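We begin with a single chain expressed as structure tokens, specifically the form predicted on its own.
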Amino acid sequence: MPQRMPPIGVIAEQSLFVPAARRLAERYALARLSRPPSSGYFLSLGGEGLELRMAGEGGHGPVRVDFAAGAMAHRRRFGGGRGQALARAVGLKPGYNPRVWDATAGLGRDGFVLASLGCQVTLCERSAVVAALLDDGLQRAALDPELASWVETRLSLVNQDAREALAKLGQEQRPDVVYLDPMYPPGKAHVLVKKEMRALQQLLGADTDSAPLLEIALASARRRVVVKRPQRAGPLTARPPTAAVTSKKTRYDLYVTV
């Protein structure tokens, strides 16, 4: 299992947000803070939504999930639609929108893109902190005029270890596709320039259980498992993929299960 950081708490930026911060802490078993800690990470709830912050000088800027604006809005509009590599990897076709379990949801970006293209997507994230960020992002997305018509019907969130959650699914609940996006392996080109990636790696620790997750995913997916990999990396495990879909920097390894 990944190495865990000390417990992370949530603080309300203003008294107006205290009730919501209390509900959030109860839902995800997070500590309630009256003031920011002197060091480490904490969650802050305010007018911009829920943010993961690093205390002290020299910390990176806040991390939050925003599906409605910024990079996600640009990707939704100009990312290539159903012809992009991600969509082709999960098997999107005219008249066919697979049910997808994003078993390593993280900040939910790929899962959200798939939902925007018509898929029913379950975002599964075992970290309570990251799940809380996702929950907040989904709630705000559901209020956006462009997204409100489909966010709540196509996206659901599960805060659980995907290995346990997938293993418990009944026959009728099995997804068509299980999507895995494990932490990228280190290498020559390993430069952490994005604050989100740096924060998640520090928060979640090393990825040590991708191999057993892949096996459970293969037993759960009706049609295929898709594993996102950097072009420079080999397959996730010694098991060779059935095929691959590539883009400029990313490769999607396909494991067909039918």
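Values in this document were obtained by computation on a predicted structure and should not be read as measured data. From 1 onward, residues are counted along the sequence shown.
The same protein also exists as the form predicted together with a small molecule; that form is not shown, yet it is the one meant from here on.
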ask   = Among L107, D181 and M197, does every residue place a heavy atom within 4.5 Å of the small molecule in the predicted bound form?
value = yes
query = Out of the stretches listed (135 to 143, 122 to 130, 169 to 177, 77 to 85), which one is close to the small molecule in the predicted bound form, meaning heavy atoms within 4.5 Å?
reply = 122 to 130
Contact residue in the predicted bound form, chosen from D66, E48, E215, D207 - any heavy atom within 4.5 Å of the small molecule = D207
query = If you check A162, V100, A89, L155 against the small molecule in the predicted bound form, which one has a heavy atom within 4.5 Å?
reply = A162
